[in-house]
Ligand code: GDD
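Here you get one chain, nothing else, as structure tokens; it is the form predicted on its own.
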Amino acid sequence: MFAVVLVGGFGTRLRPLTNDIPKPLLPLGQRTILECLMSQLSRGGVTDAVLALGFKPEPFLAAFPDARCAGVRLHYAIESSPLDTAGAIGFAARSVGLHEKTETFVVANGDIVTDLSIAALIAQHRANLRLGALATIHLTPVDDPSQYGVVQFDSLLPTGGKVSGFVEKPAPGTVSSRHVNAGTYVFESAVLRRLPGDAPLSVERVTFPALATAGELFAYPTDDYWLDAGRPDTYVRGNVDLINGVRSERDVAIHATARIDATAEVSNSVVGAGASIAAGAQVVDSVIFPNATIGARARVRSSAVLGTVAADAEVRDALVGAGGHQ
């Protein structure tokens, strides 16, 4: 089974980390966001993934020289100009001939961190086929629907039902649903008739509403762990959650090759391969990238560090890029 993975975004909210590293290649625990996603897709039966690339394709090619990630064969669809979400899906799917087949495939946003079972989503989609589905969209509940685009659907069925519409940032108390698009979908290749892939097109604003109007879009709501890792605070939280038991899976906090002085304090933090934390330093609720350096007596809290934090410096609620922090 194929998956189309959207990884062409600019990652502007995570600069300066993403000045040189595409967002899906940022660390998540001791792996990258993309590696974690590929493992999840593989467990769900995906054998091949097309990376829909635009911004900085070279790091992806360099990161996976054998064109495999977590056991999944990688294919690359490199856009010459931005195509938005539906345009990117159509372009990538066509690059591997999915438009010429009668086939089910998965679509995933490359910066979503979730415990969703891909296999369960696919199984529900196949059950929905008998009811006329061409696409099934994973939904997740949020505390404040007014901050999102809310998805309205037939909630009488325990596994969701037909999507009836979308409401963008509804006023409090005006909608019964508190579920939003969670960024993972299952499509039939027939959907590609709506996704020519030759011009910018939004799956959220155009394709999904059209499918809903036709009665061909179904919802799959779950309460699985879910996080959009595209903001500084959520990116750090996604890492910390992976080591403190919040997730259904767990990773080691400190890589075996990291060098941490015996007098340094490291708590509730991810420390990558080859990173160095000097004497008297304190690192709390943070992500220290592979080969990053924390100087003596420095204080780092609720931050992500790619480069160097100088001795005696204090960093809080910040992203430190390759240039470091003095």
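Numbers for residues come from their place in the sequence shown, where the first is 1. All figures in this text were calculated on a predicted structure; none of them were measured in a lab.
Keep in mind that the form predicted in complex with the ligand is not shown, yet the notes after this line are about it.
Using a 4.5 angstroms limit between non-hydrogen atoms, Gly149 touches the ligand in the model of the complex. Ala88 belongs to the set of residues with a heavy atom inside 4.5 Å of the ligand in the model of the complex. A residue is said to contact a partner when one of its heavy atoms sits within 4.5 Å of a partner heavy atom; Gly110 meets this definition for the ligand in the model of the complex.
The closest non-hydrogen atom of Asn128 lies beyond 4.5 Å of the ligand in the model of the complex. Scanning Glu249, Glu168, Asp144, Asp223 against the ligand in the model of the complex with a 4.5 Å heavy atom cut-off leaves one residue, Glu168.
Of the candidates Glu103, Asp115, Glu79, Asp241, Glu79 is the one whose heavy atoms come within 4.5 Å of the ligand in the model of the complex; the others do not. With the partner omitted here, the stretch from 215-223, 249-257, 118-126, 179-187 that lies within 4.5 Å of the ligand by heavy atoms in the model of the complex is 179-187. Remark: all three candidate residues (Lys23, Leu53 and Leu83) come within 4.5 Å of the ligand in the model of the complex, counting heavy atoms only. Of all the residues from 1-22, those having a non-hydrogen atom no more than 4.5 Å from the ligand in the model of the complex are Leu6, Val7, Gly8, Gly9, Arg13.
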